[in-house]
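One chain comes next, on its own, written out as structure tokens in the form predicted on its own.
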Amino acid sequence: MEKAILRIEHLTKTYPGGKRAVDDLSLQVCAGDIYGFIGQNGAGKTTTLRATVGVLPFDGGEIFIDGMSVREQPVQCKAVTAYIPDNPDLYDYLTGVQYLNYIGDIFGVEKEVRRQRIEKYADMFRIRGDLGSLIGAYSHGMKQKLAVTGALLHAPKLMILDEPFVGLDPEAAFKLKQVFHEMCEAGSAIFFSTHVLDVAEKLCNKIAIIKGGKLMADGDIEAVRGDESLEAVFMEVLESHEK
């Protein structure tokens, strides 16, 4: 039986003013999954991700990471999770290596292990020569690569990313996909939102489609897609649920 790394059960989030951003959403991400979360702008993807990592409180339901409650055991959940938002807000007045060591300290990554991982991923994403520079001088793409490197330092069991390929050059995007596969082979899980259906179709083994805060379809990508393209299925799902 597959081990659930992430379980979202009947998640509901309503913002002030009455807008229900997520409505009774349930899904499960297991060890080895690369799980794509797709939907239009404003569908509830980012709200779901932020609630999952404990950044945003939620009204109803439960979220479990590696069997632990996000509500009841937030620190333990964060210890095995990495989160990269769509626009990483890093510390402009730290150098790249200072930022990575700060992240390493937070997660208690042993110094030699930390050094090896920084070298590995900084080389992989071609930012090693920039680690002595202030983050404020980095381009958006370089900040994204630094954030990814930092997220990988503690070898998370669950990696959650919001539009991870935006701003990455083709080589870095390819390398990040390789990292996803390596992590999943080691028993971790990836859960990420994306607008790029082609990426989801080629990379993911499972997907979920969300519209208006409600889950419209989810499961193995072959079962959701059938004989059609993911793009065709996505459009059919949206159109079939139009009011």
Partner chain sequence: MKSKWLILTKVQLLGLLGFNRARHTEDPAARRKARGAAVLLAVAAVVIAFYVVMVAVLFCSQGLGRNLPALCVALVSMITLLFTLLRGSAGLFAMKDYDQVMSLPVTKRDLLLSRLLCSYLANLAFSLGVTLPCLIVFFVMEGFSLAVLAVSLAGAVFAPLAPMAAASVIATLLTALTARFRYKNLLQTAVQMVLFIGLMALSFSLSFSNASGEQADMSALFNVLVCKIYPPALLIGMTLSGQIWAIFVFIGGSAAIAAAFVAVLSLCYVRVHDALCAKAASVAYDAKHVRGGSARAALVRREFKRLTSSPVYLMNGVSGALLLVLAAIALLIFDVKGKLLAAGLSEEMLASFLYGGAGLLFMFLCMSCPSASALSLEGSSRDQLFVLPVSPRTVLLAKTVPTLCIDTAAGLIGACVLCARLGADAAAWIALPLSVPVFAAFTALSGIFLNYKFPKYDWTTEAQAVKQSAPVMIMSFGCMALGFGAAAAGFFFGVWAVVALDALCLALCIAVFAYLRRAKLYV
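Numbering follows the first chain given and starts at 1. These numbers come from a predicted model, not from an experiment.
Just so you know, the form predicted together with the partner chain exists too; it's not on screen, but the next bit is about it.
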{"property": "Close approach of residue 130 to the partner chain in the predicted complex, 4.5 Å, heavy atom", "result": "yes"}
{"property": "Distance check, residue 55 to the partner chain in the predicted complex, heavy atom within 4.5 Å", "result": "yes"}
{"property": "Distance check, residue 114 to the partner chain in the predicted complex, heavy atom within 4.5 Å", "result": "yes"}
{"property": "Residue contact check: residue 101 to the partner chain in the predicted complex, 4.5 Å heavy atom", "result": "yes"}
{"property": "Members of 149-181 lying within 4.5 angstroms of the partner chain, judged by heavy atom, in the predicted complex", "result": "none"}
